[in-house]
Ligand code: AMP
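Before any questions on binding or motion, here is one chain by itself as structure tokens, the form predicted on its own.
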């Protein structure tokens, strides 16, 4: 309701505190400023759209949504690209393993053709976007599908070839990392360790184990001067980032698994082609684990948002739980932990929608300044959420001050507190008497009569009868309140 109001207010008056982000490139907490203020450019590595995205992947997009909202809160305008890999991504970043799109085609019983690949990608692109909508993730400025930027990728490879950075083999075209001395600067990769630790090479024609494919020859794909085939996975991100955001980025994001190979490859090919620093800030998010094991489809623990929904959890529940941990900290998923987050958010929403919603919202600047300082400290969402609770519990604030401050904070956190009050109450499962099935209405009327008669045994029996029909009853000073029970 008030999210846009408070976003525009803070954008018009940027905070006085500094924004510092942990930069993987330097390994330190660096003060952020964009190349061309007030615009900030962000490129986020997106999913390979061959299957539903699991909750570990979705953590990244929630956190980059917080990054984007924080930048807007600090007065910046954001141009953001997320790529969608809809062909040719191998399960192993180092040009080995099974092609994910081929795996998806086989699973769905589809033929191995470009049109079938597009059909598969359309299904799971929509599913991914539906997930991001449910998690209240703002859409990027550009959804970049790799298949729509093939010509740009081919031109980029030709540029690298013309500058002497590539060599051709029987199976493709490779980037020669020996020609780019700065290779491995992200994460301080030691090339000699890579060589000495390499397995027996899958491709004996490679000059160095870390050389990576920019073009893979094959019977399927697009025509090029090197024959039919697909661009390499790494080259697609460089091409789409340059095409949509320019030769230099302010921020590039991804998971920690991208640092070693994928992002070092992006840096090498982009900077070799343009002669410019590719990205000034690199932000990487940590994994979610289940029983201390990384969430992964290949390990059979790839829980999706659909699974959480079947367990009775909403996108808001999962988003809230994620924000209680820092994006650079690993977090272990359990149903019990998520249930605790759901209960906390439920209590928070009840306070906001039932106690504050009729008050005139005004922002308490002291609390908002502290909130901004937490965001400015490398997106410290756990402290920001704790401060939100501090506002709610502060007895010195009026209902209007609490309401306005909570709404302002939620313009960044976006856990549903800015919903219209009526919509918010419905999201809690609280049901009006007229919306109940007739038999439940009758039970409620009988129970209220029993309560008035102080017949507590009968009132309790009727409460249980109502529970068995999927509703819970809470007696409040304003009268009984009935809630639809979720199937947790």
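This is a predicted model, so every value here is computed, not measured. Residue numbers count along the first chain shown, from 1.
Another form exists, predicted in complex with the ligand; not displayed. Remarks below refer to it.
Contact check at 4.5 Å (heavy atoms) against the ligand in the predicted complex: none of 144, 150 and 270 pass. Picking from 22-30, 443-451, 458-466, 56-64 the stretch near the ligand in the predicted complex, with a 4.5 Å limit on heavy atoms, gives 56-64. Distance criterion of 4.5 Å from any heavy atom to the ligand in the predicted complex singles out 286 from the list 414, 99, 131, 286.
Of the listed positions (184, 221, 361, 254), a single one reaches within 4.5 angstroms of the ligand by any non-hydrogen atom in the predicted complex, namely 254. In the predicted complex, residue 135 stays away from the ligand, with no heavy atom inside 4.5 Å. Although the partner is absent from this view, residue 391 stays clear of the ligand in the predicted complex, with no non-hydrogen atom inside 4.5 angstroms. Interface residue remark: residue 294 is counted as part of the site for the ligand in the predicted complex, having a heavy atom within 4.5 Å.
In the predicted complex, residue 45 approaches the ligand with a heavy atom inside 4.5 Å.
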